[in-house]
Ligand code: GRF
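Given next, in structure tokens, is a single chain: the form predicted alone.
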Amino acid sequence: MLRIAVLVSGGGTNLQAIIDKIASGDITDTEIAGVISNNENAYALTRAKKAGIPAMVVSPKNFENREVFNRALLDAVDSLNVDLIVLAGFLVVIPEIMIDAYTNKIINIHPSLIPSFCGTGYYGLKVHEAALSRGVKLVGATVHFVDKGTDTGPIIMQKAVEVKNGDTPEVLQRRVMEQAEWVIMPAAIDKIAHGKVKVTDGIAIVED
């Protein structure tokens, strides 16, 4: 049984997708051990509560400095005794002490086809605004392992989504969520739960 911690900052739509796919049997041999948010007002916490999942808030505002917060965040994750950390819209830089402790055990969903529109400053609507301003015809989402760079870890899965005439950033964001993010994040978790993802020489190898 794969035990996962889901880290969130906002609405928790990707968290809900994971909850729903576990309930439907699309993700098997997996349980959400807990949800952690840096934002006490995140609706994702309500989603966790409704699903009967333990949830906690670890906010930088409640600690004297970033180093103390980083340690508290790692302690919170450690307390859940998890095999995998899932970043589902977590707008906090993951501390190096956590990356060292959970090497190739932290995954993130990014709303673009990495290496396009990724790295520092590319998050949320900013990604979709940049894609539209560049005039690309295909966008999408990427699930990747987290390393010490920004969106630079081994890529696990990607899914492309068509850009349509008249798209706004908000419309495009919703389509990428529905057609890509909510599909490949649960799929990646299920693959990991069944030992079908390995990292070799910095490349993620995914079995069918």
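The model shown is predicted, which means the values in this text are computed figures rather than measured ones. In this text, residue numbers run from 1 along the sequence as written.
Below, we turn to the form predicted together with the named molecule, even though it does not appear here.
Note on contacts: among 84, 114, 77, 88, the single residue with a heavy atom within 4.5 Å of the named molecule in the predicted complex is 88. Note on contacts: among 106, 94, 109, 73, the single residue with a heavy atom within 4.5 Å of the named molecule in the predicted complex is 109. Contact with the named molecule in the predicted complex, judged as any non-hydrogen atom within 4.5 angstroms, is confined among 22-30, 176-184, 60-68, 163-171 to 176-184. Applying a 4.5 Å heavy atom cutoff to the named molecule in the predicted complex picks out no residue from 22-36.
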